[in-house]
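As a starting point, one isolated chain is supplied in structure tokens, in the form predicted on its own.
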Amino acid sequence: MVGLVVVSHSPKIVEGIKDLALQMIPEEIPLALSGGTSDGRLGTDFQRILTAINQVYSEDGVLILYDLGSALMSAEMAKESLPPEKQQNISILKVPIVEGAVTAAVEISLGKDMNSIINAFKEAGLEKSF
């Protein structure tokens, strides 16, 4: 099953997104959150993102959604720190974080593969660029 990582500068934002996404699906999915820094401040933390990736990683892949530009940079650093064989199974998507998380959660719960999920973003007009 594809894993989902939601990255935000705010722990409250990722918790709210999780609550909303889980209301839309019938069962738990591999979902990990990285909100804020390790010392509780607003911001992103490379190590927390890396931990989140590893929590939900599978050969089926991991989708990473993020809120702002520096979250993207931290997510890219976390991805690049992994072995190449893992990196190829991770996609960082530039989509609206709330709509993206809900769409991804629904598609993952339906057992869709990475390509099908990415296509669902495109069909829904959510993708900005990949």
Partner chain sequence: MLSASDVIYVLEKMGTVIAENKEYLTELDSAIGDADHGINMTKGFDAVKSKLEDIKQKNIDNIGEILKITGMTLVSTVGGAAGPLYGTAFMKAALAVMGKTEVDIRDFQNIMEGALAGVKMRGKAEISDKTMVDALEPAVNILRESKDKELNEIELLNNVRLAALQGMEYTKGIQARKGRASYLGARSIGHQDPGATSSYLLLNTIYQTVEEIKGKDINGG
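Numbering follows the first chain given and starts at 1. Being a predicted model, the structure only gives us computed values, none of them experimental.
Note that the form predicted in complex with its partner chain isn't included here; everything after this is about it.
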item	value
Answer option from Glu59, Asp39, Glu85, Glu27, heavy atom within 4.5 Å of its partner chain in the predicted complex	Asp39
Contact segment among 51 to 59, 27 to 35, 101 to 109, 69 to 77, judged by heavy atoms lying within 4.5 Å of its partner chain in the predicted complex	69 to 77
Residue contact check: Lys18 to its partner chain in the predicted complex, 4.5 Å heavy atom	no
Contacts with its partner chain in the predicted complex, stretch 1 to 36 (heavy atom within 4.5 Å)	His9
